[in-house]
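Presented below, as structure tokens, is a lone chain in the form predicted alone.
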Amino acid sequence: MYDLIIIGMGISGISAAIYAKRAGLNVLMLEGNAPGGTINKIAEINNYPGFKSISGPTLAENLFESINALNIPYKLEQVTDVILESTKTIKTKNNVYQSKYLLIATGRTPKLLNIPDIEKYLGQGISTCALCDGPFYKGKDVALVGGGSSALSEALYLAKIVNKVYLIHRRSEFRGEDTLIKEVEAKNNIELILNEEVTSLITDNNTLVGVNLKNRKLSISGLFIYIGSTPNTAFLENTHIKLDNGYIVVNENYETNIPGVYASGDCLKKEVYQIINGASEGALAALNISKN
């Protein structure tokens, strides 16, 4: 029996754990993947205070070291179900845990294009992580789909490795930060393809060799997708937690409509999805819990 169980070991969950531990709460963290969450897949972070520039995996490692330094217990187990009564029961594939309070900080998962065979070639020519898979395409031509800051940042990272990046965006203007847009526009080996969409994959002998767009065809070795994300909240479908398109709705204290159940980070319904506000939300949620 714990005071607080935190589901998710991204920056928001880890921030919450640090503040909860310092407030004297008995905390357990649960994570189905790698500590650090999505941060592990970010090549370079240039807008987090205290670091002129830091790689995502390095920041994730620093966060994990913070947990270990405070002796905060954690289990690398996938949560499968939760029972939200006065005592919160959290089930994983291997165990059952209970707590007085629950904080959900499960983040989001990248979306894929709605075209045939997309999942078949995921990890075999198609990727949602330039940092993970970019080195496989050294000296080759690749395409990247997306128009936000993440897409722009990853295009810049890939441009250092590959021969050429085709940056495809379905709109006429990018939605990312101005500084990133200017950097992308200045890169000689990034070709901007606006008002276009990938309509199908071109394969040969089970190998991705290109993509068809609405108005042209590209010969490429790899396709990277950055078109948004889906909140990791499927395990809440049997609960009465209020959701908006899968995102958790909370009040100003980061508490859901279920007493004792809180949420923070990128699984929330909010306007801004950045590392810095994810950390802040986790800290504030933990502080609010510790006041009870």
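Residue numbers here begin at 1 and follow the sequence given. In this text the structure is predicted, and so the values were computed from the model without any measurement.
Note that the form predicted in complex with a small molecule isn't included here; everything after this is about it.
- In the predicted complex, the small molecule lies within 4.5 Å of some heavy atom of G148.
- Heavy atoms of K88 never reach within 4.5 Å of the small molecule in the predicted complex, leaving it off the interface.
- Heavy atoms of D141 never reach within 4.5 Å of the small molecule in the predicted complex, leaving it off the interface.
- Under a 4.5 angstroms non-hydrogen atom cutoff, the small molecule in the predicted complex has Y273 among its neighbouring residues.
- With the partner left out here, the small molecule still marks one of 249 to 257, 57 to 65, 225 to 233, 22 to 30 in the predicted complex; by a 4.5 Å heavy atom cut-off that stretch is 225 to 233.
- The contact with the small molecule in the predicted complex, taken as any heavy atom within 4.5 Å, belongs to R175 out of R175, K182, K93, K160.
- For the options K75, R170, K100, K187, the residue carrying a heavy atom within 4.5 angstroms of the small molecule in the predicted complex is R170.
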